[in-house]
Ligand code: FRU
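Single chain ahead, by itself, as structure tokens, in the form predicted on its own.
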């Protein structure tokens, strides 16, 4: 396989070299944000319940698994600065996917050899032979990126290594005897290994990002890997390099039918610019992934099918080893975008994760789709519930119930009924005239978010230059919304998660009001506002 043409090395010496676990394809300037005091920054922008590191830079989640009552979250991390740098694996744990406790760094880079994205699996039957006691070993598979080779302009800068833990991921040892477990075959972008157990064919499966496609490998012991096949050339979105894949089997809701899902990130080329996450649904015979015939038609018609249409959900993966009694497929993403992630107006830390979500596979007619919704665990943090009256009228109508709670940590749900060919605007606003607007354009058939007036946005020309849109299928008769608000983010789940939009913003004061407007008339019902209290 031939490598893509890359910019000359001299270009990279002039500005920041754009490499990360799932890395930006184009170079991004270093920090240009306006500084604020540390106390103001904490108060204004530190999320209430989305995970952020106490200091430093964070991007991709990786290496996630569940064991002995804890969900483990690892992530790309640079503790020394709030911009991308020598990559470590940071670590956090949670008992409920909502409240997170930051842990000591899990994996450190060696000199000029960075620890990029990957995954971790609970090796229940000790297929690796790496157990030293009765506990199942945890085996992490990650990309080792050689910066020395990078600076020399070489191609084979990335390989796949493993490390292991015999105390549920709290301390790690690199596998010195046999790394790399997958050598570089001469591909410049060859990274982000995600491993899962294929129960049907009794094998470990690894999917790797390889420039403009995904590659599949198999192993019996997590240490010796054999190439199987590839997928993706000229299929789906290809506006940028493919990276951070994830491959898993899942049941169709309400049936015993199973399908295989490939989640595939790319940057740039997302649904609304910059980073984005598309997915594919099909079948896997133990060697080759083949698109479902109807889903293939959908991909061809839509060019790509997106997991999230917002600008700020990237590189997401799911947890390994969720108990069968639970049975959910649980997902979390990086809540930012390589277009501006290193310029957002925080300096002590940068980036957070999305809310944890349950992913489900549904079938309508002959076609399959993924839906995603906030995990149910968030409901135990509801401290107050306000049920609003039905709203019916024209023009702009205030929703007074929203002024009775703290909109910096809230869940807002409602139904729009009897929709006409009109635009339905919902506007969050504050006392200094800033606003964030979202809603439905039912004339041109799309959901939207407009953050152009939401506060600070001059740190990047790409941050609010366009309105985010998610296409809808024809005129909507009714729309069901669930909105998660957390100080600097909005996550919109439409029609039970069939369409999702995730966006960040940086208002100078908290939003304190919510209104809705429409020229043709508004019918709003089932308004429920839940106040969250997550301390």
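Positions refer to the first chain, counted from 1. Just so you know, these numbers come straight off a predicted model, no measurement behind them.
Below, we turn to the form predicted in complex with this ligand, even though it does not appear here.
S.K.: Contact check in the predicted bound form: 87, 192 and 243 versus this ligand, with a cutoff of 4.5 Å between any heavy atoms. Do all three pass?
M.R.: Checked in the predicted bound form: all three residues contact this ligand.
S.K.: Report whether the minimum heavy atom distance between residue 59 and this ligand in the predicted bound form is within 4.5 Å.
M.R.: It does: once this ligand is placed as it appears in the predicted bound form, residue 59 has a heavy atom within 4.5 Å of it.
S.K.: Determine whether any heavy atom of residue 117 comes within 4.5 Å of a heavy atom of this ligand in the predicted bound form, and answer yes or no.
M.R.: Residue 117 belongs to the contact set for this ligand.
S.K.: In the predicted bound form, does residue 463 come within 4.5 Å of this ligand, counting heavy atoms only?
M.R.: Outside the cut-off, so no.
S.K.: Indicate whether this ligand has at least one heavy atom within 4.5 Å of a heavy atom of residue 76 in the predicted bound form.
M.R.: Answer yes; at least one heavy atom of residue 76 falls within 4.5 Å of this ligand in the predicted bound form.
S.K.: Which residue, 331, 338, 71, 280, has a heavy atom that falls within 4.5 Å of this ligand in the predicted bound form?
M.R.: Contact residue from the list: 338.
S.K.: Just to confirm the contact call: exactly one of 79-87, 97-105, 372-380, 341-349 touches this ligand in the predicted bound form at a 4.5 Å heavy atom cutoff, so which is it?
M.R.: Answer to the contact question: 79-87.
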